[in-house]
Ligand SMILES: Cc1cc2nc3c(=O)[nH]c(=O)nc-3n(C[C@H](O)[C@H](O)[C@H](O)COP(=O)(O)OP(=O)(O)OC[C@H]3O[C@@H](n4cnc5c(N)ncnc54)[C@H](O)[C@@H]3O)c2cc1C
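So this first bit is one chain, no partners, the form predicted alone, shown in structure tokens.
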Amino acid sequence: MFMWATSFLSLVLLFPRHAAFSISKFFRFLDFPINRRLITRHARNDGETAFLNAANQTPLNDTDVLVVGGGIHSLIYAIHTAKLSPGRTINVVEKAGSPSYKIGESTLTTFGLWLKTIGIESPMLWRLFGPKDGLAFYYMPQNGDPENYTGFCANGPPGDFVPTLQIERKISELMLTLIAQRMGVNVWHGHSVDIDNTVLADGGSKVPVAGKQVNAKLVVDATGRFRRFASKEARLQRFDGWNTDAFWGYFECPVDESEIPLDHYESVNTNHICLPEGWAWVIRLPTWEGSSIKNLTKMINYLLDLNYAGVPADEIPSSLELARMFGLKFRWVVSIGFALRTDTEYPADLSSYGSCEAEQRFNWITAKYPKMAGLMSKHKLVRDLYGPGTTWYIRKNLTYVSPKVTGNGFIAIGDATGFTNPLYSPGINANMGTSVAAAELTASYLDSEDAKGRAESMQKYEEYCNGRVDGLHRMNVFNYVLMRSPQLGPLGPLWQYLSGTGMPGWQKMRTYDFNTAGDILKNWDWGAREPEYAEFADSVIKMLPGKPSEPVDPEIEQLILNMSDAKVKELVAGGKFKNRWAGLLRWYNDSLIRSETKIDKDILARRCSKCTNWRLLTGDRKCATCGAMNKQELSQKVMYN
């Protein structure tokens, strides 16, 4: 249901015990720090763009760093650089007038860790985004038998450590924009760059921005898959073999999730329905779509004030309370989409399945698998959620790599360096490593007084990026070929968690701060480049050639299962990969031996007793969504033993 502001009186009544604090905070958000002269300059322009740009502290002039593109990797880079190198002038330019829709909604521990190291805590984030407790997978057989499927389920990190989130990208990028501006980074929306007339040069480039020449010592290509500068250095490369296509839409779930026809289904997980052709994601998240940028900005600045003041979680307004306070629209939706292999064999005529290609493919693959059809029967399509023509989406040939990520005077980050597939969410959570690595090299590049020193900085970054996307591509191929068999499917996430969360660096997660987290943020990629993982994955990929429609030889299937059991036993006994496996994983004990009767694991989330939305358990009683106070005994995590 959309929630609208009622009156200023309702804001006061929300806080009978802490009214003085809350009212003072309310008036503070009306007066958040901005450049008064820029406000005067834009007073006649009441648009969103001028409003956002008015929070910049200086005009757009010559700069140390010019970041082209205002997406999530751009802002991570800018914030990280500003925190590492105070005093540098950093300007981010984005052609869109304000943060806008993008796909990529599931975050993992690394993103939550980074937010924590820059001072953003979980209670604020749970008011803006959906809580997430790990990943769940369901593996369907080729014949579609609705009862002959297998599963895998893992917890995320405890909520009292770092948050993992289901995010609406528009809101995440608005939040990061406001954080960056508070740190002295200028973020300019509605500012297009004339790429063709940009003159890139080592030590200083001339960049036409919104009709004005800006001289920049370093240009950062944060233009995503468009690779506006990286593409001039080298054409993108595709990997041999099949690629993947994605198509998706947004839905409402009008029934209780207990009616979803999948065992142990919980919407607090990122759920994966895995098929021989690929997989579907099911992500429940809140949307603030339809709310004004001005009011969203005021709300987020208000939350940032509360965050930095250290206000206890139980005293922070809930999402629905915030929606009333700031005149915002708020509701829950479900992002559902498929990422299928390009060698999937579709019928010659799909016209009966819908009116556009995305809808046709979606409905065809859904109808092929009864469990998927059963899940979709509990959901209702939301039309044009993000504006006219946004009911269905499709993106083809997802996987690519940029052979060159640097050039004269520029460096590429994020998806401009390459992308694989949304499986295991590497787009934000692994690719953010490029933003952190580039930020760390920025100071040495800018401080170098000669071309040789700057070239050495660039070469270090090229070496860092070399092989990253290749490793992630291996990970995806490995998981995809295992999806051809429901018996083999769970080996994919088993090996990802073994190598990705069992590695020594991961075990030190709670010790990291901003100054020490760089290595794990730069190099974590689900363990895809760990030698033991790479060796096993390569072996399995060679053993499972063929199209999705080709059944797996039972002898090969059993051989792979035996190989995995032996290798996992060896690695666990060897002590390199450690974790609380029985607490982390359903169906596995601490030796990573699977048992279909072992379904318990750590309890890190419960549903609110009033609104039934999920809460991560930290000891705080207040539901982040509705504001209800839950019982203390139902607000504590329960560790498996």
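None of the values given here were measured: they were computed from a predicted structure. Residue indices: 1-based, along the sequence shown.
The same protein also has a form predicted in complex with the named molecule, omitted here; what follows describes it.
The closest non-hydrogen atom of residue 88 lies beyond 4.5 Å of the named molecule in the model of the complex.
Using a 4.5 angstroms limit between non-hydrogen atoms, residue 585 is distant from the named molecule in the model of the complex. When the named molecule is considered in the model of the complex, residue 414 lines it closely, a heavy atom lying within 4.5 Å.
In the model of the complex, at least one heavy atom of residue 195 sits within 4.5 Å of a heavy atom of the named molecule. With the partner omitted here, the residue from 518, 104, 471, 374 that has a non-hydrogen atom within 4.5 angstroms of the named molecule in the model of the complex is 104. Distance criterion of 4.5 Å from any heavy atom to the named molecule in the model of the complex singles out 419 from the list 419, 139, 533, 129.
Residues of just one listed stretch (455-463, 355-363, 121-129, 69-77) have heavy atoms within 4.5 Å of the named molecule in the model of the complex: 69-77. Each of 95, 222 and 246 is positioned with at least one heavy atom within 4.5 Å of the named molecule in the model of the complex. Residues 281, 283 are the ones in 268-283 with at least one heavy atom within 4.5 Å of the named molecule in the model of the complex, listed in sequence order.
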